[in-house]
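Taking the form predicted on its own, here's one chain by itself in structure tokens.
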Amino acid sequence: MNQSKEKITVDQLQSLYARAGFRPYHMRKFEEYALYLENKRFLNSESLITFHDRNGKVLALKPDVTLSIVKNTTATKKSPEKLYYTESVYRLDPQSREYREINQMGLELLGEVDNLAQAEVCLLALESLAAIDDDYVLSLSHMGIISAILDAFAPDSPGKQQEILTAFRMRSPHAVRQMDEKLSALVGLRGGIGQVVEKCLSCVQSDTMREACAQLLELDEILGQQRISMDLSVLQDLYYYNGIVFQGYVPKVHRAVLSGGRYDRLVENRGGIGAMGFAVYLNDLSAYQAPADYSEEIVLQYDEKDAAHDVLAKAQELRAQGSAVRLEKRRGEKNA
């Protein structure tokens, strides 16, 4: 009988993260609502499932794991924390408008996040995808590049900035061609890191752009991975993410099965530490659940004369050997 792909992958990822020095993190299903209220700009949805405990305190089913990790971290620049988790979060689906339980597994690195640390997180993301499917790709970008583009082409216009972001997400150059030809040349841009970085630097000259591109070139030099593609349509929330961002794809899932990046803004009041991590969305692994092959199903018939204990024992014996056994009561003609 086949094991669940989700179970196999969780076991593999736990082993992978533990070998890299990450330790398990566990949390309750709910947190104080005040935590999410204070950090609502970092949440994808403000619609939370809340309730009162016996003391009248407002609690919420957790919509996010990272906020809880940041709340409880003891990380400093000299003493980083490396954590991994397997948890469920509860979020409102924007399409169905129903709450969904999302099973996810991920890791978080808090402390000093230098170029080597960034590369290690990206490498673990690549290895996480490889545990799901041999045919995978990690698409990445850098929010510093996006910030530099917004500052260059729409510095004082939130409306135009939103148009630009939408154009990048939709890979629609014609939507911004009237603003600037250089801008439209960047929309939809993807390929090798060196190739895309060169184009970005030719279109926008700023310290923010140069710093972001330097980080990406350093990452490319450290990893040298063929499974990494740079794609400027990979956008995360500018309020949350500030550096390298990425999404992971495998053939049988039509959306990203892994997502993450650098999110220093969430820990900006924690003594100047950095933070980076990602999550693997376990719900989507059902596409990799191969159905059990029970083509040789055995029908075990019985009647009132047979001892129930013996019938069940025989069925369990056959099932233990890998067969599918269906119990069926033998009936006479008139009862058929």
Partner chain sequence: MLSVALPKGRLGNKVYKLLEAAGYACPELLEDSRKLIFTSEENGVKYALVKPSDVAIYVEYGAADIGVVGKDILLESGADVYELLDLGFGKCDLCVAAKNGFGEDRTRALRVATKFPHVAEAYYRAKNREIETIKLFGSIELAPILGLSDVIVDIVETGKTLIENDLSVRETIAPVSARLIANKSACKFKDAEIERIVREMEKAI
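Numbering follows the first chain given and starts at 1. This one's a predicted model, so the numbers in the text were calculated from it and none came from an experiment.
There is also a form predicted in complex with the partner chain; it is not shown, and the following applies to it.
Lys78 falls outside the set of residues with a heavy atom inside 4.5 Å of the partner chain in the model of the complex. Mapping the unseen interface onto this chain, Ser157 falls outside it, with no heavy atom inside 4.5 Å of the partner chain in the model of the complex. Among heavy atoms of Thr74, none comes within 4.5 Å of the partner chain in the model of the complex. Taking the partner from elsewhere, Asp264 is found to have every heavy atom lying beyond 4.5 Å of the partner chain in the model of the complex. Of the candidate stretches 165-173, 114-122, 207-215, 193-201, only 165-173 has residues with heavy atoms within 4.5 Å of the partner chain in the model of the complex. Annotated contacts: Gln95, Ser139 and Ser233 all touch the partner chain in the model of the complex [non-hydrogen atom within 4.5 angstroms].
For the options Tyr249, Tyr240, Tyr84, Tyr90, the one in contact with the partner chain in the model of the complex, meaning a heavy atom within 4.5 Å, is Tyr249. Taking Glu127, Asp135, Asp180, Glu221 one by one, only a single residue has any non-hydrogen atom within 4.5 Å of the partner chain in the model of the complex, and it is Asp135. Heavy atoms closer than or equal to 4.5 Å to the partner chain in the model of the complex belong, across 250-266, to the residues Val250, Pro251, Val253, His254, Arg255, ordered by sequence position.
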